[in-house]
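Next up is one chain by itself, shown in structure tokens, the form predicted alone.
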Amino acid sequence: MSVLLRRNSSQLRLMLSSGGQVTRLSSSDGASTAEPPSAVKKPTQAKKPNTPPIVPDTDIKKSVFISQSSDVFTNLALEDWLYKNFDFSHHHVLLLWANDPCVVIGRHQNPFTEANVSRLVERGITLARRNSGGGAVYHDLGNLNCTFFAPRERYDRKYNLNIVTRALFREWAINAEINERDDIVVRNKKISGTAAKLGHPNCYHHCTILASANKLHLGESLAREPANYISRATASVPSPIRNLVDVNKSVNVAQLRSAVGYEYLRTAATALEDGGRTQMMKQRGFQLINPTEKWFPGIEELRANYSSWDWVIGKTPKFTVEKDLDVKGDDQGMKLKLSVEVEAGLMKEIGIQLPQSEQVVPVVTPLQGKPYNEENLNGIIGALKLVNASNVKQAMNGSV
């Protein structure tokens, strides 16, 4: 245990001194130092029962899993692996994780209407798509992610959010509220957004907690690119945000992780009843998770899927992007509108039309069928700017 403490700094010492239990599932180099819980060691896909058994709170154990990865695709894969393979019937789990800078969009969102994708590339900020609904969020190491796992019949979003608000009050006397959208707000500004994946037999609810995120990068990353997008994809609802460190300067992610984890362990499984240290000592405690193939067979395949172009971009619902452009002419030139239909992330139909006309002239370009991005869109615009207005008129059969 002394080796464990030296490797994991004061945070683990805090956990142990407060009565928590710590199990290390895997060391950072992949070598195991403890046997994994049986549910992790032998993953099985739980079958949906005809009538879910009623399990009393006293028979339900709790664990707090802490991911040792800061890679967003690995953490999304870990979340998905637990959802698909873990048996939560007698064991509820809170997964705590943090990512290197990234923007994570909901399953049914359009990244180009939610973020400035080209700027993300320039800044080295990863774009990811999760498997739950909800809006786009910015993550960095100043943001803590919480995923609450339970059987579907015990799904309780309000319970989970209250765990967070109670932890904030107990640790820092911060008064946080849950609004009608199930966001957590402090002084009318959002510190946490929420989303869920509801399946059978398992479900999860996850939320973010802004502790000390880079608000400049957050704002720039979630500013959409300049164009007119016509899309039926789920749109995010903009909200003013606040870091917890702006409320209390002593807040940090390590302490926040401990506070939320302990609040979860000391609370009854299905009711907001504080059992204190007695309740906490009945649980399985904190467990450090290194999400590798050795401990989670199949996680590498899940990660490959989450990081693939087909998932991040190709999963985007069909949309149309429009841009106005000027074409040179003999006198005053001509104003046209470029229209590009995008399906499965690829530019399918490309055309131009006059603002006062319904007629669309197809544009022949080798970029048709290529992935939609700002660079390819600008390539089409650059080529069209070289077209003479008289040629456009001829193509439109003299209708102008």
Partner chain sequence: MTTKMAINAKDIFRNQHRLIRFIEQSIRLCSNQSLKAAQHQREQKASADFQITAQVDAQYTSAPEPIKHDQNVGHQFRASQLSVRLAAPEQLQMKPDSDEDLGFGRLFTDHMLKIYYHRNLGGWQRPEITPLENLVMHPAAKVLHYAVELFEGMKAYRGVDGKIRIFRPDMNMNRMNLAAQRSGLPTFEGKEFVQCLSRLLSIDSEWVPHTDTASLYIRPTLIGIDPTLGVASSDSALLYTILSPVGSYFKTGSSGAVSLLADPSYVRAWPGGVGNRKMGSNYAPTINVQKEAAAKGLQQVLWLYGEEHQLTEVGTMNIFMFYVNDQGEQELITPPLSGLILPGITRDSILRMTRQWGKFKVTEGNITMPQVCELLNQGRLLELFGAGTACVVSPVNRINYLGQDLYIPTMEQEKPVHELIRETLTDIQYGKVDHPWSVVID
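Numbering follows the first chain given and starts at 1. What you see is a predicted model, and the numbers here were worked out from it, not measured in a lab.
Note that the form predicted together with the partner chain isn't included here; everything after this is about it.
### Message
Please tell me whether the candidate spot formed by 138, 149 and 160 is one where all three residues come within 4.5 Å of the partner chain in the model of the complex (heavy atoms).
### Response
Zero of three within 4.5 Å in the model of the complex.
### Query
Heavy atom within 4.5 Å of the partner chain in the model of the complex: which of 81, 264, 204, 306?
Contact residue from the list: 81.
### Query
From the list 277, 249, 123, 187, which entry has a heavy atom within 4.5 Å of the partner chain in the model of the complex?
Spelling it out, the residue with a heavy atom inside the cut-off is 277.
### Query
Which among 289 to 297, 98 to 106, 173 to 181, 221 to 229 is in contact with the partner chain in the model of the complex, heavy atoms within 4.5 angstroms?
So the stretch in question is 289 to 297.
### Task
Indicate whether residue 60 is a 4.5 Å heavy atom neighbour of the partner chain in the model of the complex.
Residue 60: no, not in contact with the partner chain in the model of the complex.
### Query
Are any of the heavy atoms in residue 73 no more than 4.5 Å from a heavy atom of the partner chain in the model of the complex?
No, no contact at 4.5 Å.
### Task
Report whether the minimum heavy atom distance between residue 285 and the partner chain in the model of the complex is within 4.5 Å.
So residue 285 counts as contacting the partner chain.
#### Entry: Any non-hydrogen atom of residue 258 within 4.5 angstroms of the partner chain in the model of the complex
Residue 258: contacts the partner chain in the model of the complex.
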